[in-house]
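Form predicted on its own, single chain, as structure tokens, below.
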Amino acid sequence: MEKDSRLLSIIKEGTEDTFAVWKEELKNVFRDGGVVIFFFLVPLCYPLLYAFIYDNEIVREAKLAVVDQSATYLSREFIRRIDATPDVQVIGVYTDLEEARRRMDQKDAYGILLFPSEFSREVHTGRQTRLSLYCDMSSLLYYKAFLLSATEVSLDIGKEFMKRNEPAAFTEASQEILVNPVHYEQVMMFNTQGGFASFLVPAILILIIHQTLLLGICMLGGTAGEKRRLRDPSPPLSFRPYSGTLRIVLGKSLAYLLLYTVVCLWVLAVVPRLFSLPQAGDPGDVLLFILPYLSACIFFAMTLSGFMTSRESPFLLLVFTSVILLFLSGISWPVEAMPPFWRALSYVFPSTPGIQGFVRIHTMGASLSEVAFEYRLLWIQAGVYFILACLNYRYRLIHYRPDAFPSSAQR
């Protein structure tokens, strides 16, 4: 009975201390204007900003200047057809390449299509001809619009020439088989519009959660670092003698988890619905996947926060990593094409399995079992960073004014 009574007393004391740390950390968050900005204002505004920027998912009526040195019926037909596509608008037909370049320099056009003088003659004599496409590469979407439209028109015209040049004995059906032996139908899965927002914004939403947690928690750690450096006589509650290492880490992490549960509802549920982004996943699977992701991000941030010596340190060390983490995630560049070193390095950060798993569940409709690798990796990261966070806070607990708080070094 005495052992049971003692165990219950320890559990009660630990629960009270954890709750006290949790409550104090919530107060610390709301007392710090910078942390409030990172925890609430940035997740509120940034998803809307990115979604608005990419709301027009594809380019329509991209302006194209045409240089027609052939001046034949075939070149004019080609120009008419490419102008009729939804992605391209021909703003003018010129005989001089320099004039078309001037229009492009003035941003009246974003591409130039050049027909050589021998274009029609080579086609009618059965030889291969070439068209030159010059494109403003400040946006890959212009290049995509011009290239795909020109390719589709050239294929259609090529098929028509093949049909016309075949013997008259051929039936229409046999001619169709000759020019199009394999019938194919393009079905765009998951991203039905082929748009940039449906492709990129879900990954950015996950990265925003990762980076804002990292910056906010590290800012709190930098504030504590400044107090240690200035020997502030009133240390945070989480460093008072009755708060042990495990209680500190659990209390703080539960505070962050509570706040970001609300943030995730806005970022991952409301924003995609506002902008009609693909949402093919089961909400239950998304919720189960986000739990280890948030845990891994929180403990990762708490581990790094111990190295922050000032409030400004997170800006200098972490802000520039956003673009790097997006590339390392494998969303914009295939993981299989990465060198082994960078592929291994990418799995140090929770954002990598978080982005890969969330996009597959949320956008592609994968089940939790189909992202088992990413799901397990997030739990492993959460466990490893939890241990590192405990070691970090234990070190800080022991070295935070041990002369003033001798009992803190015994926990």
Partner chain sequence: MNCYDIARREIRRFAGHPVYLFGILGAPLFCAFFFLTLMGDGLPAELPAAVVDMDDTPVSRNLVRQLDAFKETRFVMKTHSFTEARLEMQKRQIYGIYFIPEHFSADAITGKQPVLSFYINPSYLVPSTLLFQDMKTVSVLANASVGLQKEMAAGQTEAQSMAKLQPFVIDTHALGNPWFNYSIYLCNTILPGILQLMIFLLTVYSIAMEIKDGTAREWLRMGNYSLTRCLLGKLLPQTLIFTITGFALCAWMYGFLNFPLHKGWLPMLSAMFLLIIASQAGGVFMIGILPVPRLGLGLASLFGMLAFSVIGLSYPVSNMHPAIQSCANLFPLRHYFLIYVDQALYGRDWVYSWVQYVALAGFLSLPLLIGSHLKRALLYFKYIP
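Numbering follows the first chain given and starts at 1. Think of the rigid core as the biggest set of C-alphas that the two forms share within 1.5 Å after superposition. Everything numeric here is computed off the predicted structure, so don't read it as measured data.
The form predicted in complex with its partner chain exists for this protein as well; it is not shown, and the discussion that follows is about that form.
Asks: Which of these stretches, 65 to 73, 375 to 383, 52 to 60, 22 to 30, has heavy atoms within 4.5 Å of its partner chain in the model of the complex?
Replies: Of the stretches listed, the one contacting the partner is 52 to 60.
Asks: May I ask you to state whether residue 330 is within 4.5 Å of its partner chain in the model of the complex, using heavy atom distances?
Replies: It does: once its partner chain is placed as it appears in the model of the complex, residue 330 has a heavy atom within 4.5 Å of it.
Asks: Please determine whether residue 301 contacts its partner chain in the model of the complex, using a 4.5 Å cut-off between heavy atoms.
Replies: Outside the cut-off, so no.
Asks: At 4.5 Å between heavy atoms, is residue 37 in contact with its partner chain in the model of the complex?
Replies: Taking the distances in the model of the complex, the answer for residue 37 is yes, it comes within 4.5 Å of its partner chain.
Asks: Are any of the heavy atoms in residue 297 no more than 4.5 Å from a heavy atom of its partner chain in the model of the complex?
Replies: Residue 297: no contact with its partner chain in the model of the complex.
Asks: Going by heavy atom distances of 4.5 angstroms or less, which of 97, 291, 338, 246 would be at the interface with its partner chain in the model of the complex?
Replies: Going through each option in turn, the one that passes is 338.
Asks: Between 276, 117, 106, 261, only one gets a heavy atom within 4.5 angstroms of its partner chain in the model of the complex; which residue is that?
Replies: Exactly one residue meets the criterion: 106.
Asks: Heavy atoms within 4.5 Å of its partner chain in the model of the complex is the criterion; list the residues of 337 to 364 that meet it.
Replies: Residues within 4.5 Å: 337, 338, 339, 342, 356, 359, 360, 363, 364.
Asks: Core-aligned, does residue 116 move its Cα 2 Å or more between this form and the one not shown?
Replies: It does, since the residue 116 C-alpha is displaced 2 Å or more between this form and the one not shown after the core fit.
Asks: Can we say the CA of residue 280 moves by at least 2 Å between this form and the one not shown when the core is superposed?
Replies: Residue 280 C-alpha, core-superposed: shift of less than 2 Å.
Asks: Any CA movement of 2 Å or more for residue 155 between this form and the one not shown, core superposed?
Replies: Shift at residue 155: 2 Å or more after core fit.
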